[in-house]
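Shown here is one chain on its own, the form predicted alone, set out as structure tokens.
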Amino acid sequence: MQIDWIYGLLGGLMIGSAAAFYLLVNGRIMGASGIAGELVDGTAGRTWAEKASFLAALVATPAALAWVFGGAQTHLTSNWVVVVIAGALVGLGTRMANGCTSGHGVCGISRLSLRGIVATVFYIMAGGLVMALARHGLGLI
């Protein structure tokens, strides 16, 4: 019986719950790229420890769950150059869009923010276009 969809459902519930909790506690939108950007450029100020803890938990939680329950098949390419370039493009895109999937996609769409909806539509289209080009046009993936 195929139950991989349950991982997506549980992950979505966890992300949505974390976003709601972050908004209730801090009164701010949970945008992971914005939080990371403030840590990198030094503008986090007094909230540095809180933001670093958030990002650490963002990485540690799925790692711990994968360790306990076993990881899902990702089909990630073994070409690390492609992975590094993809990460750099995602970082560039989140800076250009002034947000990421958690800020625009989860929090923006749930608040019916036109800016969040438009940004989400465009980064999904850009991701699909790059994936099609990389896989079918260039044969990288």
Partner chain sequence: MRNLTAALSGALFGTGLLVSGMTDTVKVQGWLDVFGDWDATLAFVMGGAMIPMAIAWRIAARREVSALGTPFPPKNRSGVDPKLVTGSVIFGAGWALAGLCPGPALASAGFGGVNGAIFLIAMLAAMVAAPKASRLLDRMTAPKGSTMDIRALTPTYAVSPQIDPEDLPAIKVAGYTTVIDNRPDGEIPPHLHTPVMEEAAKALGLTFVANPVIGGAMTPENVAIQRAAIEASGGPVFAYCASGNRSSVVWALAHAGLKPADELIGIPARFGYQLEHLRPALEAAKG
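Note that the coordinates shown come from a computational prediction; the quantities given were computed from them, not determined experimentally. Positions refer to the first chain, counted from 1. Take the two forms, superpose them, and find the largest set of C-alpha atoms that agree within 1.5 Å; that set is the rigid core.
One more form of this protein exists, namely the form predicted in complex with its partner chain; it is left out here, but the text below deals with it.
By the criterion of a heavy atom within 4.5 Å, residue 8 is counted among the residues contacting its partner chain in the model of the complex. Residue contact check for residue 88: one or more of its heavy atoms lie within 4.5 Å of its partner chain in the model of the complex. Its partner chain is not drawn, but in the model of the complex it has a heavy atom within 4.5 Å of residue 96.
Proximity of residue 68 to its partner chain in the model of the complex falls outside the 4.5 Å heavy atom cutoff. Residues of 47-62 lying near its partner chain in the model of the complex, listed in sequence order, are 47, 49, 50, 51, 53, 54, 55, 57, 58, 59, 61, 62, the criterion being any heavy atom within 4.5 Å. Taking 2 Å as the criterion, residue 66 counts as shifted between this form and the one not shown: its C-alpha moves by at least this amount when the rigid core is aligned. Core-superposed comparison between this form and the one not shown: the C-alpha position of residue 85 differs by no less than 2 Å. Once both forms are overlaid on the rigid core, the distance between the two CA positions of residue 47 between this form and the one not shown is 2 angstroms or more. Panel note: the distance between the CA atoms of residue 74 and residue 32 is smaller in the model of the complex than in this form, the difference being 3 Å or more. In the model of the complex, the Cα positions of residue 71 and residue 129 lie at least 3 Å farther from each other than in the form displayed.
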